[in-house]
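Just the one chain here, the form predicted on its own, laid out as structure tokens.
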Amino acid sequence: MVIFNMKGMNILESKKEIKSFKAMDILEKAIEMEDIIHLELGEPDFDTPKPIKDEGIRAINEEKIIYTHSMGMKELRTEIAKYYNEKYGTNICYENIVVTAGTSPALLLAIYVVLEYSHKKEILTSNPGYACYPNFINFLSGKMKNYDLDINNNFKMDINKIKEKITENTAAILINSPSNPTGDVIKEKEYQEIADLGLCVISDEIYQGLVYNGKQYDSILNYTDNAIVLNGFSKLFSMTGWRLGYLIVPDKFLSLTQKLEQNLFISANTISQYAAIKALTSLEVEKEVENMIKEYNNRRIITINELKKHNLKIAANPEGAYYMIIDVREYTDNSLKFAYEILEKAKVAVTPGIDFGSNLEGFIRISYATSTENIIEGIRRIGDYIKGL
């Protein structure tokens, strides 16, 4: 399948199978059923803060709905740079910000420009890791190479295992902190070890800020200039449907990134860009986000306590994001089949661990981005079902 052909670029052909996202398959089946508790997807159940919504409405009413610059509105790019510099202690300029229609298009652009610029094929990714990473890499005719996370140490990375995977064909390493699915948070020492590999780094920071112990904000940009960062507004600001993300791109990748953005996407949603400016500048929004984080932490603690109450084995203690991994290897070696059994018999939608890589086979993931009532009842149903086995 030919993707695109632009002057100065190779024609890429995607020949590998694109695998379905099992969490979405389960969601779609769960929607058709009744009395289902949804613990499968990581979507905040909080409303978008009112000042953000009001700003979007104002943009519509004032007819601010035309195309913007392909890289994004200058005011928004400036606020994103300011936000990173103040929160993360970085030193970036607005010129290096590219606003996108969500972080998924941002990831598509990041992987392509790295592969094209390096003339190499391999992208290192963690096992387990976000379910869609392999599909992006395969779609762009790259080659995914996994490094294993330590299942006995909260799914922490082992820099020596990563070094073993590096070859002359390695284009970049793709990292994610806080992590989906494990909730692990990369620490300063680990960031430095990653930077010291000398590889280009693609850093997915969409869950940044959703951290419950220690330093809330850190970035690979504090440790290396050879990195592309992707982030957005979906998770921290509860703006999933607004579809707005961004890239922080080194100078060497900017021209190619802009060409791709112009040709593939024209520009990001104008209304969402105005709303995002408010998200980054409103003190009321900042306070509301702080309250969301406190509530997520309360739910995290409740989830841990309820799982223990029902003798369900927690595989990792999450420090960030809003996911919990449950070890069900005692009951199954087929997490996808087991997830469907839980859906049909316990009326709870969960995500099978195999979605995230072979190292999570025999595990399931639940999300605590839902009400405490749903968490308590959902875990009770899962516990009762497993007890019946």
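In this text the structure is predicted, and so the values were computed from the model without any measurement. A residue's number is simply how far along the shown sequence it sits, counting from 1.
This protein has a second form, the form predicted together with a small molecule, left out of what is shown; the following refers to that one.
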property	result
Among 84-92, 130-138, 110-118, 261-269, the region lying within 4.5 Å of the small molecule in the model of the complex by heavy atom distance	130-138
4.5 Å heavy atom contact, K235 to the small molecule in the model of the complex	yes
Touches the small molecule in the model of the complex: S104 (any heavy atom, 4.5 Å)	yes
Proximity of I97 to the small molecule in the model of the complex, heavy atoms at 4.5 Å	no
R243: touches the small molecule in the model of the complex, heavy atom cutoff 4.5 angstroms	yes
One residue of S203, Q208, S126, N180 in contact with the small molecule, assessed in the model of the complex (non-hydrogen atom, 4.5 angstroms)	N180
Answer option from T257, N176, T303, S219, heavy atom within 4.5 Å of the small molecule in the model of the complex	N176
